[in-house]
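In structure tokens, the next block holds one chain alone, the form predicted alone.
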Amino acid sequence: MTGIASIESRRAAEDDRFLKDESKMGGGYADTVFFPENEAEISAVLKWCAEKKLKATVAGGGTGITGAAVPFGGVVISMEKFNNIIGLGFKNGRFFLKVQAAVTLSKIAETLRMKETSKFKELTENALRSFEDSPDTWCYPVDPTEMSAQIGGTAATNASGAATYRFGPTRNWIKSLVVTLPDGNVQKIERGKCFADASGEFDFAGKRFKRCAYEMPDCKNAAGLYSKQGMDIIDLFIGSEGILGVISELEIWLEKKTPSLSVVQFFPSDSDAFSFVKKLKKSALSPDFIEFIGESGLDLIDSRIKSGCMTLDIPEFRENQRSAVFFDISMDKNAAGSLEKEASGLIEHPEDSWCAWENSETERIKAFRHAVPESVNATIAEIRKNYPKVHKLGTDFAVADDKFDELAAFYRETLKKSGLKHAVFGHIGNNHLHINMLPADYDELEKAKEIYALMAKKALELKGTVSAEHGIGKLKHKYLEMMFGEEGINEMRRVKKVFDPDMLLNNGNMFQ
């Protein structure tokens, strides 16, 4: 058995990057950071922690914004040495990639784009030759925006983003996982091998237990342990925020990458934009994503451009360009004519459209699309010069299609009454808008917190979620309880204790 003394480690105080993540949550502390190189070493650390009753927090890329990677005592397990792309396979007409957990999305994208396969293991017969000889480009289509994110972290959070509209979240693209359980038991979990029976019970890794006794909302969701009738055991671990085991290796499905046309369509108002989105969803265009910047978001960008605080290589906004919808259309050459006809019938005012095909032009549109969150962060940074503890409050709520109009109307009226500066943008294809409130002082910060809670309550009244993509971590416990109730939290706690009776692994994520 691997001895704990042989595993590379150092004092956590020597490197504070292991005491924080992008949430900027303060107060993190730990004794030791371990740097395991294989599953046997992860197993040894977890067994040692169980024996000593020490908490263990897993550290990945640190790109999360809910405090999930911030430790409060015990040790940190850094996954940074699990950074290799292992091999390529082909099954049921699809390529898949085997990767270690610390491989970044950007490394995967670049490796696939360049077809750098010389160091790959061949996982199935002739997979490498077929891949190299293919005239097509392949990609991992999940798009959580932050390309420096590590693939293991995206699985632990069931990460999603703009392209979720067409391709779904991370869950849809995972073929298998290698997970080290809190007792040190290493399991390869392959999709399609272990399901909950008719009573909801699993027989897995020598443990018999029932899934959580609730169902997930019918919308984009990243809140709570996954539970669904007849579910696959792999889906319990995906999105579990690391509380059930340490993911070290994944097999992920790939998708053929097709050229796409990027479009920005402007409208005189948010309501006009919402009406267009409904038509777009029903059309034959099948966009990869549908994104939105509301009137408040464009106003924020415009004010920063005019004040000289931001430079964007875009035309000036026209007077009637008050709201914008972004979407990409995959341009299958065999269907180009019919797609062009469909688009022409859908877009009533082409003079208020921007379209891009070349990489340089699509990058300009991408920069414009990301200008709102950048402007929000810059605005808050200015406010913090006078009020250091002020921060933005950004919602992460989503609902089903038939509830969106009601939620959007509630957002609009509540923000109007509040008088707070704000910016609205987000993944409108999934009925998932980010309402970013920008309090100007501490009194407004308290008001924004009250409004955030009201919006969460409304989303839940409409059978939605309090977290569509960012998860719960250590910062949103009360909202998860609002969503599932104390009974639902106890169900999650029950399942965790099946694997981790002393609640040591990633303690504090989702619930205490």
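Just so you know, these numbers come straight off a predicted model, no measurement behind them. A residue's number is simply how far along the shown sequence it sits, counting from 1.
We do not show the form predicted together with a small molecule, though everything after this point is about it.
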Handout entry: Ala149, Glu241 and Ile247 all contacting the small molecule in the predicted bound form, non-hydrogen atom within 4.5 Å
Key = yes
Handout entry: Exercise: Val466 in contact with the small molecule in the predicted bound form, heavy atom 4.5 Å
Key = no
Handout entry: the small molecule contact in the predicted bound form: Ala324, any heavy atom under 4.5 Å
Key = no
Handout entry: 4.5 Å heavy atom contact, Pro36 and the small molecule in the predicted bound form
Key = no
Problem - Residue contact check: Ala101 to the small molecule in the predicted bound form, 4.5 Å heavy atom - result: yes
Handout entry: Per-stretch contact check against the small molecule in the predicted bound form, the hit in 226-234, 268-276, 294-302, 139-147 (non-hydrogen atom, 4.5 angstroms)
Key = 139-147
Problem - Leu438, Val75, Leu88, Ala159 - the one with a heavy atom within 4.5 Å of the small molecule in the predicted bound form - result: Ala159
Problem - Among the candidates Ala459, Val58, Val45, Ile472, the residue which, in the predicted bound form, approaches the small molecule to within 4.5 Å (heavy atoms) - result: Val58
